[in-house]
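As a starting point, one isolated chain is supplied in structure tokens, in the form predicted on its own.
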């Protein structure tokens, strides 16, 4: 009788506490009520990541888990490393990270995994020190989607260039590469600017504006800019308006309604493409919780929200999970999105 009672107590303990390992380290068991899931964005003040925090808070409310967001005060890889080091010191159980520079984060994320901390990334398909990377969509396909919208605005002809937040940003460059490939295969009358095929906005609207003005003065035949950072489209649009180039020069790319509204309303900016960062934040936390519980991660993974309910591994990868979450907005549907 005593043996049966002991076995029963052991069973209850196993259902109440989770022991997890990531292949690098192992941690002591904790009840779910003590888990700490931290999401580290590129920049805590950027409107995109302010919106992402809404998803983190929604996940915390829905799950009852302690999930929170903490990021650097600006988009800076060294500052992001420091935030992650501080969270490791606080003994978090999971880190969900949107890297500024994936290569710069490899050592600190490796340290986290060595300590048994679950690591999940987003917009970092080449990150080595992560358990899984979530992408809202296939990056090359998203870049092609942006190009389709830019080509439509350009009338199917003209010279264009690509703009990225940082040349070290993996996803931005994959989107730009996807756009270039799409133009080459589908738009024979659209050509890439040879002398400056890729420019850097530093994820900064003012810098995108200044860089666009330089480009338009230097290259009078430039007709289009394919942007990737959420700051590119509004920054370039401002330059187009100030230089009197509306209906002559066009921009398409990722953007936020809150920052692009006046340009969409005026017609200077015809399209912005994006996915909802709120959903990405929720999805990362949801995946981290599943890993902490020891649940299987496989094709068809459901993270509990549209666009992430049938996640598939990228071909040849056992780390990169792809959803189907992109959307396009113009002046006709922009009021449907409040961020």
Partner chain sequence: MNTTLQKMSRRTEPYILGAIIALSLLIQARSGQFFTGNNLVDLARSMTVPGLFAVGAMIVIVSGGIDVSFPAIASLSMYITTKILLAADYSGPVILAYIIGGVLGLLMGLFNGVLIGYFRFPTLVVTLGTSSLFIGIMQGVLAARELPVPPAMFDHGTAKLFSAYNTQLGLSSDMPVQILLLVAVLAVTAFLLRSTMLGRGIYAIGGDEVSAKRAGFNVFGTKMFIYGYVGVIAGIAGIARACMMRNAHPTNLQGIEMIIIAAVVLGGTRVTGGVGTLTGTMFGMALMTIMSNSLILLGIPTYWQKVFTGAIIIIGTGVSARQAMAKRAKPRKASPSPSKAPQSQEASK
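Being a predicted model, the structure only gives us computed values, none of them experimental. Positions refer to the first chain, counted from 1.
There is also a form predicted together with its partner chain; it is not shown, and the following applies to it.
Peer 1: Which residue among 214, 159, 111, 128 has a heavy atom within 4.5 angstroms of its partner chain in the predicted complex?
Peer 2: Here the answer is residue option 214.
Peer 1: With its partner chain left out of view, choose which of 148, 174, 101, 259 has a non-hydrogen atom within 4.5 angstroms of it in the predicted complex.
Peer 2: Of the listed residues, the single hit is 259.
Peer 1: Give a yes or no for residue 86: in the predicted complex, does one of its heavy atoms lie within 4.5 Å of a heavy atom belonging to its partner chain?
Peer 2: Residue 86 lies outside the contact set for its partner chain.
Peer 1: Closest heavy atom of residue 268 to its partner chain in the predicted complex, within 4.5 Å or not?
Peer 2: Taking the distances in the predicted complex, the answer for residue 268 is no, it never comes within 4.5 Å of its partner chain.
Peer 1: Using heavy atoms and a 4.5 Å limit, would one call residue 200 a contact residue for its partner chain in the predicted complex?
Peer 2: Looking in the predicted complex, residue contacts with its partner chain include residue 200, since a heavy atom lies within 4.5 Å.
Peer 1: Do residue 238 and its partner chain come within 4.5 Å of each other in the predicted complex, heavy atoms counted?
Peer 2: Result yes; residue 238 sits at the interface with its partner chain in the predicted complex.
Peer 1: Which one, 182 to 190, 238 to 246, 90 to 98, 150 to 158, holds residues whose non-hydrogen atoms are within 4.5 Å of its partner chain in the predicted complex?
Peer 2: The contacting stretch is 238 to 246.
Peer 1: I have 45, 204 and 207 flagged as a candidate spot, so tell me whether each of them has a non-hydrogen atom within 4.5 Å of its partner chain in the predicted complex.
Peer 2: Spot residues vs its partner chain: full contact, yes.
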